[in-house]
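Just one chain follows, in the form predicted alone, and it is written as structure tokens.
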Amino acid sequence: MSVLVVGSIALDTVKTPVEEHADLLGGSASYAAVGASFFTPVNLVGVVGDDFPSAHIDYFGSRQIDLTGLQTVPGKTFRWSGEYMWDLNTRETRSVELNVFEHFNPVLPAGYQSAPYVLLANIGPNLQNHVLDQMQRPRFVIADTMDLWINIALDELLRLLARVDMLILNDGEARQLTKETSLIKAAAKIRAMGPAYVVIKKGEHGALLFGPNAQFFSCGAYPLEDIHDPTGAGDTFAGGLAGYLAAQDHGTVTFESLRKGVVFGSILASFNVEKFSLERLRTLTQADIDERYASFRRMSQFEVLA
């Protein structure tokens, strides 16, 4: 089963306390599409300018990523610049140049409209709703969001939540959206807004999955000694989760498949942060993923001592 990924494609400049790199491949759709492609074919919808490097196009094509929905228009590609502080958890946006992304109108090719699995990566909820308006009864829709949309597009976001099966957001955004300090209460409130499932990301502390009938799963983060660039980790997580669900399609989505999807999404994200941009994912193999999954399982098992 293929998964439809819609979001931003960007050229990033990223600075950490020890390194700085410019003109990196970035954007929510880039990370999400590549993450999903480790499990299933991907249909990518996004927009770039005529300055977008052909090497990045070639990289997408080398994965299982169909580019029929990629728009290339005259002008400059969306650019973002950010700087991370010493703990690599705090980030400051230095500049945003929307360029061609400012007028992005996601149009789905006919072959994309019947995609069973949809990942609405982090873009404005008006665009996410516009994508769903073009879909033909997708089986499972995942949406990602951020604090900006909660601040400036809340009504559109609430309309979106009534149409999706899962919402992914971080712990601060969950509290911001619901005005609840307890993440348990926050998840319940979000589920009441529409999505049957909610994933709350907690950065280096993992992620929480909430479902109907008090279903709950806590996934720790894979322990890493060195983190080089956290950019796109959440998008890679979402892509890995969506890709795994599509690959395991049995006609319905179960909580068990969602649990495993969260684990594989976390594993993909753990690889992503080991280098800048998507450089680590370029060299990632299925054997690497399987090995880390086995290691993750060993670390997650424990015995109750009498």
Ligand code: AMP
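Residue numbers here begin at 1 and follow the sequence given. This structure is a prediction, so every number in the text was calculated from the model and none was measured.
Form predicted in complex with the ligand: not shown, discussed below.
Comment: the ligand is not present in this chain, but in the model of the complex one of W80, F104, Y112, Y197 has a heavy atom within 4.5 Å of it, namely W80. Exactly one listed residue, out of R163, R191, R139, R91, brings a non-hydrogen atom to within 4.5 Å of the ligand in the model of the complex: R91. Within 4.5 Å of some heavy atom of the ligand in the model of the complex lies at least one heavy atom of A233. Interface residue remark: F210 is not counted as part of the site for the ligand in the model of the complex, having no heavy atom within 4.5 Å. Although the partner is absent here, L148 is a contact residue: one of its heavy atoms lies within 4.5 angstroms of the ligand in the model of the complex. Under a 4.5 angstroms non-hydrogen atom cutoff, the ligand in the model of the complex has S28 among its neighbouring residues. In short, of 48-56, 234-242, 35-43, 262-270 it is 234-242 that has heavy atoms within 4.5 Å of the ligand in the model of the complex.
For the stretch 1-21, the set of residues having any non-hydrogen atom within 4.5 angstroms of the ligand in the model of the complex comprises S8, A10, D12, in sequence order.
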